[in-house]
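Before any questions on binding or motion, here is one chain by itself as structure tokens, the form predicted alone.
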């Protein structure tokens, strides 16, 4: 059992995002960064899927990625985008803005401590958070493997993703295991890999209390990546945060 973005989870990451056909986060990041002068930090920049286009558009953004495989992919795919291979908790520096999209913040083990530390590094913070309604409502079965998605690989083989989760609603904790299966053109299994993620999620009340304790306030909130109606259930919230006062 491995953890983090490596192996199939790293090399297939962008293919699964493309297959999902979900609204993109790039326009939201461009809107947030517009007019920000000085260097910005992108925490969890991954394969450069969003970092590369931001740099190409003229934004001064430094990528920070703890996975060696993802950092290598980023440098290969977007050589003009600078990436540091380091854990954010060990990274020092002050920035005109910090962006943490794609739910990366929810992987941090101590949200309060991390938000307090972010207050020391920037006055402009972008976070994207998700709320696991499907898991909580029981639409997705708990403690059993279920099909997530499958993609065709460039070499003619295919990659299958299955997920298994356990949720603790009272503590706002979600553990997700992913099983990646490589199959040949005839459908025979060639290799399997498993990974595990532990995520924190927040109700509206819990999030407001957390922001209050750490000295942040919401300047702007965009729900469901800007898609859908205001009455829709909020699965994803993108927040522009600023220090209180």
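Residue numbers count along the first chain shown, from 1. All figures in this text were calculated on a predicted structure; none of them were measured in a lab.
This next part talks about the form predicted together with a small molecule, which is not shown.
Residues of just one listed stretch (74-82, 97-105, 165-173, 122-130) have heavy atoms within 4.5 Å of the small molecule in the predicted bound form: 97-105. In the predicted bound form, residue 46 approaches the small molecule with a heavy atom inside 4.5 Å.
None of the heavy atoms of residue 112 is located within 4.5 Å of the small molecule in the predicted bound form. The small molecule in the predicted bound form is approached by residue 64, whose closest heavy atom lies within 4.5 angstroms of it. For the chain shown alone, residue 152 is not a contact residue for the small molecule in the predicted bound form, no non-hydrogen atom being within 4.5 angstroms.
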